[in-house]
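First, one chain by itself in structure tokens, the form predicted on its own.
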């Protein structure tokens, strides 16, 4: 994948940034790290002039397409005619909240943020302020942002699935204080026994249970309706708040996010990514009585941020949410995603590869295994090595995706223009080559 410019940029970048990148997950090794020159629709061109059809989409924010003219026009108009930041409120804040509430009926009040991490931080603090409790619970494989308490994970990668012990819980990396683990419980998705045990032990001290209903960092493995309903009931019974993290699924899998698909609603919800089509905007919201603990009154939960609700981000959200609400964009995304998922299924079947798809068409996971994984530990026994080789073969042929099968295929409205025959041919070549390499 390396051309003439990429090694020069990589060498120069190493002089100025750790690993030569602006954040850890962009580093794919010195030869594979991608430098983008421009993007449009569902494609981008790298620094050496190679064009990729992109199913990574910046980890999911692009729901319409890169440089969507409708959204960009609204942002440019805001910048040139009204300004970007004042440190005060605007009428547009209210309008965007009303849009969110119209799409997501469980939302009564909202606060804005700049990233998914910030939204989760604000929501968890709000849950603690409302309940007067400190403990939180999360699920193996879920990702809730880059702050200390959420940077604990089950070490499934190095776990022996044939053994008798559970995977150990470890920090994501250095710099995470050990004491931040003390208030965090981690259980398996769709495991009724561990769910009941958690609430029997800690239900009355839990501030909230935080869950991605469709796990965006575990190949779109999803909660079953029965398990999610039991979680909802237990939270209500014990006075803990259900906090659904829809940073990836919100405004993507349906207008009302995953909660629309399930018909099961949270007390608090976090949003980001697709709500701005690539502009940095996020939000958290929920029940009015819960959200009303946020404020400057005595004992109120503190929430703020200089760039919160900045007008570049809010104008992008206003335009994006308007398009999602008033056009057939999400129907197009779902239809196109289903077509791409189906053609991949044909390719895998023809190659004799056992496979299963997880999640909705807008962000589906591909697992080389006979059955859809029920949880993150099930992912561990999929043929992720074959998938990785297949993915790198696609990348070499101009189809961009995350080589790790824990990251879904993201679909945007602009993918409707993809030549599906071309894609099926590329996928066929790539899986054949991967199978040959793994014999």
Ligand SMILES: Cc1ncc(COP(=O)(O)O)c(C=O)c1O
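Positions refer to the first chain, counted from 1. Source: prediction; values computed, not measured.
Another form exists, predicted together with the ligand; not displayed. Remarks below refer to it.
Considering the ligand in the predicted complex, the lone stretch of 168 to 176, 80 to 88, 344 to 352, 117 to 125 in range is 117 to 125 [heavy atom distance within 4.5 Å]. Remark: none of the three candidate residues (252, 332 and 411) comes within 4.5 Å of the ligand in the predicted complex, counting heavy atoms only. Proximity to the ligand in the predicted complex, taken as a non-hydrogen atom within 4.5 angstroms, holds for one residue of 143, 262, 364, 199, which is 143. Interface residue remark: residue 274 is not counted as part of the site for the ligand in the predicted complex, having no heavy atom within 4.5 Å. The closest heavy atom approach of residue 217 to the ligand in the predicted complex falls within 4.5 Å. A residue is said to contact a partner when one of its heavy atoms sits within 4.5 Å of a partner heavy atom; residue 247 meets this definition for the ligand in the predicted complex. In the predicted complex, at least one heavy atom of residue 212 sits within 4.5 Å of the ligand.
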